[in-house]
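The chain below stands alone and is given in structure tokens; this is the form predicted alone.
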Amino acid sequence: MASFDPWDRTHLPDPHALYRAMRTDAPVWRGIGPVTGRPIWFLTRYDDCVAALRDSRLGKDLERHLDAEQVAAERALEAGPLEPLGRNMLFVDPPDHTRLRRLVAKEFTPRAIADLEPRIAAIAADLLDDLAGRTQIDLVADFAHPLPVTVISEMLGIPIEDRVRFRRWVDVVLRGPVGSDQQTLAGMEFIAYLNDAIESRRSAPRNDLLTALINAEEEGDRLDHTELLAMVFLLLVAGHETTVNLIGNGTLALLRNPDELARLRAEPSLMATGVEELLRYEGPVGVATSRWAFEDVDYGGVTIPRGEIVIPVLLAANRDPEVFPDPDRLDVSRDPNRHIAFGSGIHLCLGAPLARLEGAIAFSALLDRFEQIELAVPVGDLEWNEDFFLRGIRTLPLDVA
């Protein structure tokens, strides 16, 4: 097979060129993980990715499907003070996944999300009011990050003065050197904070999502303490990181495609399809979480052996020309648009409706507030997060008027 290096940081500005080559030359490609040294299979065609995301022969539950020696080796890598944060819906299979998702899903119904629209719009307006009179902003720091962080924090009942700490903890846990003292300390501080918050809600319940999770019950079942920790961590990360990236990546994509930006300004009714296209074109998640092959599986005529890791590449699937005509062109009116930016199958992102709503409100507010928006630095000077899983830009300096 052709030789590729998906972990090479030089691909960060444009991973699509790499994935285009992989999809053409080796759509089912076997690499070696740079940290573990384990084989990892990358799927880059749309149909393969969708099939893998729905394939019960691929999954997370090592104990049920893999050899004891392999399970022990993997668990040894995961062991440590941050292990509780990983016991969330993303890393378990049914029936555990079904149980956890059912316990939290009632807080993310379409009705519950729709009820948030006025408050999200007010937060966006307040953030933009704070930028009044400025001719240059950093879209990420000044708007894309505080908007979803404020929303999910208010939902969980986290005091506004603690949100700066939350951002630091999440950034270090997600992007700090793996296993470093810095990452461990941030994670332990985060866990200690959550422990205190949970204990506080148990003794004095409030009208917030954290209290609702503590009290969530389905057929006599509840979340235990570790599951609560993991669930809150997942909601905090998924509840803001994807939207930060959607707003940042999407704004950059529009600025690099001024005709489509002009269309969106001229036809606000295109906002719904526009958000879907921005999710497809430069999605907030680069790859799906890894899965283990619980038996030999065949994809595209290639056999993936039992016990090896499979990763569907969402960015590659969303630009597959077999599914999306002219896939490298941004088209805010594209319809239909069967992108998988939020995954597919049982692990379809629970917060996708919230991210879509926040994105639509954010883009509409930006275009309404600023008549002119331009990049303040050359595209080549922009820095992307060195994150294999989440695709996002660190800063986005803009000239506005």
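Small disclaimer: the values here were computed from a predicted structure and weren't measured. In case it trips you up, residue 1 is the first one in the sequence shown, and so on.
Unshown form predicted together with protoporphyrin IX containing FE (HEM); subsequent notes refer to it.
- This chain lacks the partner; the member of R201, R306, R101, R163 within 4.5 angstroms of protoporphyrin IX containing FE (HEM) in the predicted bound form by a non-hydrogen atom is R101.
- A heavy atom within 4.5 Å of protoporphyrin IX containing FE (HEM) in the predicted bound form is found for one listed residue only; from F363, Y46, F42, F342, this is F342.
- Partner proximity in the predicted bound form, defined as non-hydrogen atoms within 4.5 angstroms of protoporphyrin IX containing FE (HEM), places exactly one of 124-132, 86-94, 264-272, 185-193 at the interface: 86-94.
- At a distance threshold of 4.5 angstroms between non-hydrogen atoms, T289 is in contact with protoporphyrin IX containing FE (HEM) in the predicted bound form.
- Using a 4.5 Å cutoff between non-hydrogen atoms, L357 does not count as a contact of protoporphyrin IX containing FE (HEM) in the predicted bound form.
- Put simply, L210 is far from protoporphyrin IX containing FE (HEM) in the predicted bound form: not one heavy atom of it is within 4.5 Å.
- Contact check for T243: a non-hydrogen atom falls within 4.5 Å of protoporphyrin IX containing FE (HEM) in the predicted bound form.
- Using a 4.5 Å cut-off on any heavy atom, the residues of 335-352 that reach protoporphyrin IX containing FE (HEM) in the predicted bound form are, in sequence order, A341, F342, G343, I346, H347, L348, C349, L350, G351.
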